[in-house]
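Below you will find one chain, with nothing else, as structure tokens; this is the form predicted alone, and questions on how it binds or moves follow later.
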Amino acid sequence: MNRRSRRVLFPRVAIEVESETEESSEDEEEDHEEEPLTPPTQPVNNKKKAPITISLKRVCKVCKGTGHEAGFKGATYIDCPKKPCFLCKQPGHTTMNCPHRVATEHGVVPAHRREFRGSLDYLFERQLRANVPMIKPGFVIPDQVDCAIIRLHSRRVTSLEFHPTNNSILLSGDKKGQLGIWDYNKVYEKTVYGSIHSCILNSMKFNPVNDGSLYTASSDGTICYTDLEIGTPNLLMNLNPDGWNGPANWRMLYGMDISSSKSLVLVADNFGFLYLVDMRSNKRIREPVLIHKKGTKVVGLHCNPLQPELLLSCGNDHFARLWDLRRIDAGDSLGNLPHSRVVNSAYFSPLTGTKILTTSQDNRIRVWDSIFGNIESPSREIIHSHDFNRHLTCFRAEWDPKDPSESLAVIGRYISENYDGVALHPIDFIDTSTGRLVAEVIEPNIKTISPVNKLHPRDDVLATGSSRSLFIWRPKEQLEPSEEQGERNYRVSICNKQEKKSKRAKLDDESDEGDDVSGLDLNDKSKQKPGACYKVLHCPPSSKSKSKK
């Protein structure tokens, strides 16, 4: 029996190749494009598939045009010639030669002295100015890694908080809703509670009268009150009692703070509302108050350290707002601080509470030197690279709580820099009074971005959350070099817990998969960068330590 061959109709493929010469005419390009088309003499078969065009032309990732390339190529950002500078958002130059890339204080104008003086100015001079030192002390910068714990979390780190009484305890939350407790003095002692929330843990605050308890707010719409010794969460508020009813009705909690004078937990959601929870009864009081534009996220809340009735909020409606908790109602804010894009964070200064520091997605850090004057425009704007795309926790500039001059702030950097042929993302220390870059700290073996940074309120310590790992930085002067090698060995603890993820989870969490060990290759010594040595301590998979109070 003869085998009958079966004809399969494959679609015709046209390949477009970008011409290397500029002298080719338009007629030649048109003839080249018409080649894959069916000749008019041949009858068209309706069953045939349309021709597939494969383009080999260079396409810009920014403007989608052809003939040039732009966007991130590896860790280096290439500017689009049709768009303004990615860093300062101004036309006329590229990111590589932007003057703000070299000197952050470029274009920063110090705040002018106001001509008038009101009653609030005299109040500031008499009651608050005495706590501000006349001579500005030198900054202490934690610039070297002291210890690290790798893969503590199963998703990227979203928040950090130091224990209020135990100096060596660091708490961390992640995208999955887990709560991690790490004693970085002992390195290997850690605990991870995985049943606190079902998704992103956005904010955490300690109970001011009980340092063994923690308030947490999550994107699952709940506030939990957790005993850190046993890890059992107590549900205080649930905005989604009926479960998932679509994105239009799902409420997520972001910004949170505690007003100790009023015994209130303040928390805000993704629809612009503020909720008040009584810490004594653990129940919600009064109806929610609309404090930002309806339908926009309120991502940050902060109570003034000296005047707890003053509340500072920020959100996706491009505003930071001041409120009086004694008479807070919709549209009754004390002042509005406009921004050109989303405001990621807003904080009062930690000692006097008279300054405001905000971080916006327009690559600007804004500083207000006095909340008693005209707050419609900031005292200065500092251009800094923190405008990111996705798969990252928001960058937030935070004050140094130990700085008596209230001028030092820390923030991670988005655009990488070339350090001896290695693309690294430094952590920047900025003098907010002048805009000067005080220091940029790097570790040659950490090649991932560090968006979450927290300075210790009592010690000269910086905690960093990069991907799923945590790092502790200390000043180089306080670290003793190794006698044998002449350099410091920092301790690294690797968690061996491996979790199997579904196909959908891998698609949703691309960024968390791409940096499995946060840039540290500890197994292959040939891939380690010079400048640091490791003392690796592997965590036992079954051991879980409790944080001591």
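Because the structure is predicted, anything quoted here is derived from the model rather than measured. From 1 onward, residues are counted along the sequence shown.
This next part talks about the form predicted in complex with the DNA, which is not shown.
> Are any of the heavy atoms in residue 86 no more than 4.5 Å from a heavy atom of the DNA in the model of the complex?
Residue 86: contacts the DNA in the model of the complex.
> Classify residue 79 as contacting or not contacting the DNA in the model of the complex by the rule of any non-hydrogen atom within 4.5 angstroms, answering yes or no.
Contact with the DNA, yes.
> Even though the partner isn't displayed, in the model of the complex is residue 467 close enough to the DNA, meaning a heavy atom within 4.5 Å?
Contact check for residue 467: yes, within 4.5 Å of the DNA in the model of the complex.
> Answer with yes or no whether residue 280 is in contact with the DNA in the model of the complex, where contact means some heavy atom within 4.5 Å.
Outside the cut-off, so no.
> To verify the annotation, which of these, 361, 185, 144, 333, has a non-hydrogen atom within 4.5 Å of the DNA in the model of the complex?
Contact residue from the list: 361.
> May I ask you to choose, among 415, 452, 150, 408, the residue with a heavy atom within 4.5 Å of the DNA in the model of the complex?
None of the other options qualify; the answer is 415.
> Residues in which of 431 to 439, 237 to 245, 382 to 390, 398 to 406 have heavy atoms within 4.5 Å of the DNA in the model of the complex?
Contact criterion met by 382 to 390 only.
> Would all three of 316, 341 and 448 be in contact with the DNA in the model of the complex, where contact means some heavy atom lies within 4.5 Å?
Looking in the model of the complex, the three residues 316, 341 and 448 all sit within 4.5 Å of the DNA (heavy atoms).
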